[in-house]
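Shown next as C-alpha coordinates: one chain only, the form predicted on its own.
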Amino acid sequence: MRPLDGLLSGDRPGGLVLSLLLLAVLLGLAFAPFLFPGTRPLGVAARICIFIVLAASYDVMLGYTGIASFAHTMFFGMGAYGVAIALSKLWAGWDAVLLGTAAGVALAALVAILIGLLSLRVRAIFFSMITLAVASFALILATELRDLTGGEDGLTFSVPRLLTPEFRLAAEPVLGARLDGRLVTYYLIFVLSLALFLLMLRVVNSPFGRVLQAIRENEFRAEALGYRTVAYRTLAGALSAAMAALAGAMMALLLRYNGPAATLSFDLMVDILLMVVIGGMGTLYGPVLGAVVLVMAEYYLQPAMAAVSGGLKGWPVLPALFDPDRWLLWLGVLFVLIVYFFPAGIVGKLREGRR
(Lines give C-alpha, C1' and ligand atoms only; values in the text may rest on other atoms or scores of the structure.)
Protein backbone atom coordinates (compact mmCIF):
# COMPACT_ATOMS: atom_id res chain seq x y z
CA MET A 1 0.00 0.00 0.00
CA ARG A 2 3.03 2.30 0.12
CA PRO A 3 2.65 3.47 -3.53
CA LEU A 4 -0.95 4.44 -2.72
CA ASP A 5 0.23 6.38 0.34
CA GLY A 6 2.75 8.21 -1.82
CA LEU A 7 0.09 9.08 -4.38
CA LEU A 8 -2.27 10.34 -1.67
CA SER A 9 0.57 12.04 0.24
CA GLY A 10 -0.10 9.83 3.27
CA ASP A 11 -3.58 11.32 3.68
CA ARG A 12 -5.83 8.27 3.53
CA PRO A 13 -9.58 8.90 3.38
CA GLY A 14 -10.10 7.04 6.65
CA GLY A 15 -12.92 4.57 7.11
CA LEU A 16 -14.37 1.93 4.82
CA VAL A 17 -17.54 3.86 3.93
CA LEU A 18 -15.67 7.02 2.92
CA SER A 19 -13.09 5.03 0.97
CA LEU A 20 -15.82 3.20 -0.93
CA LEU A 21 -17.66 6.46 -1.69
CA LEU A 22 -14.51 8.08 -3.07
CA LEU A 23 -13.65 4.95 -5.04
CA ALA A 24 -17.16 4.92 -6.52
CA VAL A 25 -16.77 8.58 -7.54
CA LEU A 26 -13.38 7.89 -9.14
CA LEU A 27 -14.56 4.83 -11.07
CA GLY A 28 -17.84 6.48 -12.01
CA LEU A 29 -16.03 9.48 -13.49
CA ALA A 30 -13.34 7.36 -15.13
CA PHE A 31 -15.91 5.24 -17.01
CA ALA A 32 -18.75 7.79 -17.21
CA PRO A 33 -18.85 7.93 -21.05
CA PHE A 34 -19.47 4.16 -21.18
CA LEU A 35 -21.63 3.77 -18.05
CA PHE A 36 -23.88 6.73 -18.87
CA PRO A 37 -23.85 7.24 -22.67
CA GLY A 38 -25.22 10.48 -24.02
CA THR A 39 -24.29 14.11 -24.36
CA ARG A 40 -26.04 15.32 -21.18
CA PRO A 41 -24.53 12.74 -18.76
CA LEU A 42 -21.09 13.37 -20.27
CA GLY A 43 -21.48 17.12 -19.73
CA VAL A 44 -22.61 16.57 -16.12
CA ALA A 45 -19.62 14.30 -15.42
CA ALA A 46 -17.24 16.88 -16.91
CA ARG A 47 -18.77 19.61 -14.72
CA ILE A 48 -18.32 17.41 -11.66
CA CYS A 49 -14.61 17.04 -12.48
CA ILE A 50 -14.21 20.81 -12.92
CA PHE A 51 -16.11 21.66 -9.75
CA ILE A 52 -14.08 19.16 -7.75
CA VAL A 53 -10.95 21.14 -8.65
CA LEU A 54 -12.71 24.46 -8.05
CA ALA A 55 -14.17 23.48 -4.66
CA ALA A 56 -10.95 21.79 -3.53
CA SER A 57 -8.94 24.90 -4.44
CA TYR A 58 -11.35 26.99 -2.35
CA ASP A 59 -10.93 24.54 0.52
CA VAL A 60 -7.18 25.25 0.46
CA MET A 61 -8.07 28.81 1.49
CA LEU A 62 -11.13 28.28 3.67
CA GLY A 63 -10.43 24.90 5.23
CA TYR A 64 -6.66 25.03 5.63
CA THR A 65 -6.04 28.72 6.40
CA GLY A 66 -9.39 29.72 7.89
CA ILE A 67 -9.82 32.65 5.50
CA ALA A 68 -13.16 33.15 3.74
CA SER A 69 -12.75 34.77 0.34
CA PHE A 70 -15.56 35.80 -1.99
CA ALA A 71 -13.27 36.37 -4.97
CA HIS A 72 -12.85 32.75 -5.99
CA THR A 73 -15.16 33.05 -8.98
CA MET A 74 -13.03 35.97 -10.15
CA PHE A 75 -10.01 33.67 -10.44
CA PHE A 76 -12.20 31.02 -12.08
CA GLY A 77 -13.31 33.63 -14.61
CA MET A 78 -9.74 34.78 -15.28
CA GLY A 79 -8.75 31.30 -16.42
CA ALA A 80 -11.88 30.98 -18.54
CA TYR A 81 -11.48 34.41 -20.10
CA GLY A 82 -7.80 33.73 -20.79
CA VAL A 83 -8.71 30.74 -22.97
CA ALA A 84 -11.79 32.43 -24.46
CA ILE A 85 -9.94 35.59 -25.48
CA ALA A 86 -6.99 33.66 -26.90
CA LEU A 87 -9.18 31.35 -29.00
CA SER A 88 -11.58 34.07 -30.17
CA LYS A 89 -9.03 36.81 -30.90
CA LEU A 90 -6.09 34.71 -32.10
CA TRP A 91 -6.61 31.25 -33.59
CA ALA A 92 -8.10 27.87 -32.63
CA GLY A 93 -4.85 26.07 -31.88
CA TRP A 94 -3.27 24.32 -28.91
CA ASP A 95 -0.65 27.03 -28.63
CA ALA A 96 -3.46 29.58 -28.19
CA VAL A 97 -5.02 27.35 -25.50
CA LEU A 98 -1.73 27.13 -23.62
CA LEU A 99 -1.09 30.86 -24.01
CA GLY A 100 -4.55 31.79 -22.75
CA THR A 101 -4.34 29.33 -19.86
CA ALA A 102 -0.89 30.59 -18.82
CA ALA A 103 -2.04 34.21 -19.00
CA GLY A 104 -5.16 33.50 -16.93
CA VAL A 105 -3.25 31.52 -14.29
CA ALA A 106 -0.50 34.14 -14.03
CA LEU A 107 -3.01 36.99 -13.70
CA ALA A 108 -5.03 35.10 -11.08
CA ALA A 109 -1.94 34.30 -9.01
CA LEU A 110 -0.68 37.90 -9.26
CA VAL A 111 -4.02 39.38 -8.22
CA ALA A 112 -4.27 36.90 -5.33
CA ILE A 113 -0.80 37.88 -4.13
CA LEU A 114 -1.67 41.59 -4.30
CA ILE A 115 -4.94 41.04 -2.41
CA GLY A 116 -3.14 38.96 0.20
CA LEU A 117 -0.30 41.39 0.81
CA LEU A 118 -2.63 44.38 1.00
CA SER A 119 -5.56 42.84 2.88
CA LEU A 120 -4.54 39.84 4.99
CA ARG A 121 -3.27 42.05 7.82
CA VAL A 122 -6.84 43.14 8.61
CA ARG A 123 -9.44 41.09 10.48
CA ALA A 124 -10.94 38.13 8.66
CA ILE A 125 -14.37 39.73 8.15
CA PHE A 126 -12.82 42.82 6.57
CA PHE A 127 -10.71 40.63 4.28
CA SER A 128 -13.89 38.85 3.14
CA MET A 129 -15.55 42.21 2.42
CA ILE A 130 -12.52 43.37 0.43
CA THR A 131 -12.55 40.22 -1.71
CA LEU A 132 -16.29 40.67 -2.30
CA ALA A 133 -15.67 44.23 -3.50
CA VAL A 134 -12.83 43.12 -5.79
CA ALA A 135 -14.97 40.30 -7.25
CA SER A 136 -17.83 42.75 -7.90
CA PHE A 137 -15.42 45.10 -9.65
CA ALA A 138 -14.14 42.24 -11.83
CA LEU A 139 -17.73 41.37 -12.80
CA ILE A 140 -18.42 44.98 -13.79
CA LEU A 141 -15.14 45.15 -15.70
CA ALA A 142 -15.95 41.98 -17.67
CA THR A 143 -19.36 43.42 -18.54
CA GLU A 144 -18.07 46.82 -19.65
CA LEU A 145 -15.02 45.77 -21.71
CA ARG A 146 -17.12 44.61 -24.63
CA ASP A 147 -14.37 44.69 -27.25
CA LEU A 148 -12.23 42.32 -25.18
CA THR A 149 -14.69 40.18 -23.21
CA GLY A 150 -17.85 40.40 -25.28
CA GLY A 151 -19.71 42.17 -22.47
CA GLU A 152 -22.85 40.50 -21.12
CA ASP A 153 -23.11 38.34 -24.25
CA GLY A 154 -19.70 36.80 -23.61
CA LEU A 155 -17.43 35.12 -26.15
CA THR A 156 -18.17 32.13 -28.36
CA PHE A 157 -15.13 30.56 -29.96
CA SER A 158 -13.78 27.54 -31.79
CA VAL A 159 -11.56 24.95 -30.13
CA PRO A 160 -8.86 22.72 -31.65
CA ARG A 161 -10.33 20.14 -34.02
CA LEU A 162 -9.34 17.29 -31.68
CA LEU A 163 -11.96 18.58 -29.20
CA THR A 164 -14.82 19.07 -31.68
CA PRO A 165 -17.69 16.60 -32.32
CA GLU A 166 -16.56 16.39 -35.97
CA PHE A 167 -13.34 14.62 -34.93
CA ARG A 168 -13.84 10.84 -34.86
CA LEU A 169 -11.55 8.20 -33.38
CA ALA A 170 -13.79 5.44 -34.71
CA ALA A 171 -16.81 5.33 -36.98
CA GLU A 172 -18.90 3.05 -34.75
CA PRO A 173 -19.78 3.61 -31.06
CA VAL A 174 -18.02 1.51 -28.42
CA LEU A 175 -20.22 0.34 -25.54
CA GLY A 176 -22.74 2.97 -26.54
CA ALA A 177 -20.24 5.84 -26.50
CA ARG A 178 -19.18 7.76 -29.58
CA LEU A 179 -15.42 8.05 -29.87
CA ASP A 180 -15.37 11.67 -31.00
CA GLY A 181 -13.96 15.00 -29.88
CA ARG A 182 -16.41 15.29 -26.99
CA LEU A 183 -14.97 12.09 -25.52
CA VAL A 184 -11.46 13.49 -25.95
CA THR A 185 -12.55 16.71 -24.24
CA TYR A 186 -14.02 14.78 -21.33
CA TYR A 187 -10.94 12.65 -20.72
CA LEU A 188 -8.69 15.68 -21.04
CA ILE A 189 -10.73 17.35 -18.28
CA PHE A 190 -10.83 14.16 -16.19
CA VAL A 191 -7.07 13.55 -16.31
CA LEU A 192 -6.21 17.19 -15.62
CA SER A 193 -8.72 17.35 -12.75
CA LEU A 194 -7.32 14.19 -11.16
CA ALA A 195 -3.74 15.45 -11.51
CA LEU A 196 -4.59 18.86 -10.01
CA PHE A 197 -6.48 17.28 -7.11
CA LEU A 198 -3.57 14.97 -6.28
CA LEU A 199 -1.20 17.95 -6.49
CA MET A 200 -3.32 19.93 -4.01
CA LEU A 201 -3.54 16.89 -1.75
CA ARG A 202 0.25 16.66 -1.71
CA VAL A 203 0.64 20.38 -0.98
CA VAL A 204 -1.74 20.44 2.00
CA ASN A 205 -0.02 17.38 3.48
CA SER A 206 3.46 18.85 3.07
CA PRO A 207 5.26 20.89 5.76
CA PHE A 208 3.80 23.99 4.06
CA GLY A 209 0.29 22.61 4.56
CA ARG A 210 1.02 21.80 8.21
CA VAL A 211 2.03 25.41 8.78
CA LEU A 212 -1.22 26.58 7.20
CA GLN A 213 -3.18 24.38 9.59
CA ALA A 214 -1.16 25.70 12.53
CA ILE A 215 -1.98 29.27 11.45
CA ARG A 216 -5.65 28.35 11.16
CA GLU A 217 -5.73 26.87 14.66
CA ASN A 218 -3.76 29.63 16.41
CA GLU A 219 -2.33 32.51 14.39
CA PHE A 220 -0.58 34.15 17.33
CA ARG A 221 1.17 30.95 18.38
CA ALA A 222 2.35 30.38 14.79
CA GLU A 223 3.77 33.93 14.71
CA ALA A 224 5.47 33.33 18.05
CA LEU A 225 7.16 30.27 16.54
CA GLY A 226 8.62 32.49 13.82
CA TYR A 227 6.28 31.82 10.90
CA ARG A 228 5.28 34.80 8.76
CA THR A 229 1.56 34.19 8.69
CA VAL A 230 0.76 36.81 6.04
CA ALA A 231 3.35 35.32 3.67
CA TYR A 232 2.05 31.78 4.14
CA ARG A 233 -1.56 32.81 3.67
CA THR A 234 -0.65 34.84 0.60
CA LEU A 235 1.11 31.86 -0.96
CA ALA A 236 -1.90 29.67 -0.15
CA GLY A 237 -4.15 32.26 -1.79
CA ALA A 238 -1.96 32.31 -4.91
CA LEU A 239 -2.04 28.50 -5.15
CA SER A 240 -5.81 28.48 -4.66
CA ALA A 241 -6.27 31.17 -7.32
CA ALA A 242 -4.04 29.36 -9.83
CA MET A 243 -5.99 26.13 -9.40
CA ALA A 244 -9.29 27.98 -9.79
CA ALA A 245 -7.99 29.59 -12.99
CA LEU A 246 -7.04 26.17 -14.37
CA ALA A 247 -10.57 24.96 -13.58
CA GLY A 248 -11.90 28.00 -15.45
CA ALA A 249 -9.77 27.15 -18.48
CA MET A 250 -11.24 23.65 -18.53
CA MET A 251 -14.77 25.06 -18.24
CA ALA A 252 -14.15 27.33 -21.24
CA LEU A 253 -12.97 24.37 -23.33
CA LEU A 254 -16.01 22.36 -22.27
CA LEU A 255 -18.57 25.07 -23.06
CA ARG A 256 -16.73 26.67 -25.99
CA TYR A 257 -18.18 29.85 -24.54
CA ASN A 258 -17.51 32.17 -21.63
CA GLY A 259 -19.42 35.09 -20.18
CA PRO A 260 -19.99 36.84 -16.83
CA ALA A 261 -22.93 34.58 -15.92
CA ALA A 262 -20.94 31.43 -16.70
CA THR A 263 -17.90 31.98 -14.48
CA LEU A 264 -18.18 35.24 -12.51
CA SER A 265 -21.66 35.19 -10.96
CA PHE A 266 -22.18 35.36 -7.20
CA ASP A 267 -24.56 32.37 -7.46
CA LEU A 268 -21.56 30.32 -8.51
CA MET A 269 -19.65 31.52 -5.43
CA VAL A 270 -22.51 30.31 -3.23
CA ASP A 271 -22.39 26.91 -4.97
CA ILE A 272 -18.65 26.61 -4.29
CA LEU A 273 -19.13 27.49 -0.64
CA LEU A 274 -21.94 24.94 -0.31
CA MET A 275 -19.79 22.21 -1.89
CA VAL A 276 -17.03 22.77 0.66
CA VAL A 277 -19.35 23.05 3.67
CA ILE A 278 -21.51 20.06 2.70
CA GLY A 279 -18.52 17.84 1.97
CA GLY A 280 -16.41 18.95 4.94
CA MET A 281 -13.90 21.78 5.26
CA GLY A 282 -10.20 21.14 5.64
CA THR A 283 -10.22 17.67 4.11
CA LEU A 284 -10.04 18.09 0.29
CA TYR A 285 -11.99 14.83 0.12
CA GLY A 286 -15.04 16.77 1.31
CA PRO A 287 -15.23 19.02 -1.77
CA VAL A 288 -15.20 15.88 -3.94
CA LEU A 289 -18.40 14.58 -2.36
CA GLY A 290 -19.86 18.08 -2.10
CA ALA A 291 -19.33 18.72 -5.81
CA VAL A 292 -20.95 15.39 -6.73
CA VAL A 293 -24.00 16.03 -4.50
CA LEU A 294 -24.56 19.61 -5.65
CA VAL A 295 -24.03 19.10 -9.40
CA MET A 296 -26.15 15.95 -9.45
CA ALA A 297 -28.93 17.70 -7.50
CA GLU A 298 -28.93 20.72 -9.81
CA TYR A 299 -29.20 18.56 -12.94
CA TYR A 300 -31.31 15.60 -11.86
CA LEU A 301 -33.48 16.69 -8.92
CA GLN A 302 -36.06 18.40 -11.16
CA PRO A 303 -36.54 15.40 -13.52
CA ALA A 304 -36.75 13.10 -10.48
CA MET A 305 -39.47 15.29 -8.96
CA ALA A 306 -41.37 15.25 -12.26
CA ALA A 307 -41.35 11.45 -12.19
CA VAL A 308 -42.52 11.39 -8.56
CA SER A 309 -45.23 13.95 -9.25
CA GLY A 310 -46.46 11.93 -12.23
CA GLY A 311 -46.58 8.76 -10.13
CA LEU A 312 -48.68 10.49 -7.46
CA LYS A 313 -51.47 11.65 -9.78
CA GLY A 314 -54.83 11.24 -8.14
CA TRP A 315 -53.47 11.84 -4.66
CA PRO A 316 -54.43 15.05 -2.84
CA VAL A 317 -51.75 17.75 -2.37
CA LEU A 318 -48.77 15.44 -3.04
CA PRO A 319 -48.51 15.99 -6.84
CA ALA A 320 -48.44 19.76 -6.27
CA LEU A 321 -45.90 19.38 -3.46
CA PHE A 322 -43.52 17.48 -5.74
CA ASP A 323 -44.14 19.70 -8.77
CA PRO A 324 -40.86 20.06 -10.70
CA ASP A 325 -41.16 23.85 -10.55
CA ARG A 326 -40.55 23.56 -6.79
CA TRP A 327 -37.18 21.83 -7.20
CA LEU A 328 -35.30 24.78 -5.70
CA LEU A 329 -37.41 24.47 -2.55
CA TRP A 330 -36.49 20.82 -2.16
CA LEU A 331 -32.87 21.57 -3.01
CA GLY A 332 -32.83 24.04 -0.12
CA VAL A 333 -34.46 21.46 2.18
CA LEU A 334 -31.81 18.92 1.14
CA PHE A 335 -28.99 21.30 2.03
CA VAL A 336 -30.56 22.23 5.38
CA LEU A 337 -30.87 18.55 6.30
CA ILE A 338 -27.28 17.82 5.28
CA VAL A 339 -25.92 20.76 7.29
CA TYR A 340 -28.11 19.85 10.29
CA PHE A 341 -27.20 16.17 10.41
CA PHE A 342 -23.61 16.64 9.18
CA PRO A 343 -22.38 19.86 10.86
CA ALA A 344 -18.76 18.88 10.14
CA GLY A 345 -19.64 17.88 6.58
CA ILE A 346 -20.11 14.42 5.14
CA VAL A 347 -16.42 13.52 5.47
CA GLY A 348 -16.25 14.89 9.01
CA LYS A 349 -19.29 12.85 10.05
CA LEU A 350 -17.95 9.65 8.51
CA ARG A 351 -14.56 10.10 10.15
CA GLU A 352 -16.20 10.92 13.47
CA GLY A 353 -18.31 7.76 13.25
CA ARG A 354 -15.17 5.73 12.54
CA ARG A 355 -13.46 7.10 15.63
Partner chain sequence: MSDGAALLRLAGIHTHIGRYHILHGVDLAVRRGRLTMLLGRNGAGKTTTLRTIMGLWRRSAGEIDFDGRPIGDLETPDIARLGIAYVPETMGIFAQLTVRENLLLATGPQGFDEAQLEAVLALFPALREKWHNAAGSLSGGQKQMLAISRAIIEPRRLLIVDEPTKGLAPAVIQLLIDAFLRLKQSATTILLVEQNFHVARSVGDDVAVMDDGRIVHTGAMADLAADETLQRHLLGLSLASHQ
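Residue numbers count along the first chain shown, from 1. Computed from a predicted structure; not experimentally measured.
One more form of this protein, predicted in complex with the partner chain, exists but is not displayed; see below.
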Would you kindly say which of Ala262, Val211, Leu235, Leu254 lies with a heavy atom within 4.5 Å of the partner chain in the predicted bound form? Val211
Heavy atom within 4.5 Å of the partner chain in the predicted bound form, from candidates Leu175, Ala171, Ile125, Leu225, belongs to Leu225
Should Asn218 be classed as touching the partner chain in the predicted bound form when contacts are defined as heavy atoms within 4.5 Å? yes
Going by heavy atoms within 4.5 Å, which of 226-234, 185-193, 161-169, 86-94 lines up against the partner chain in the predicted bound form? 226-234
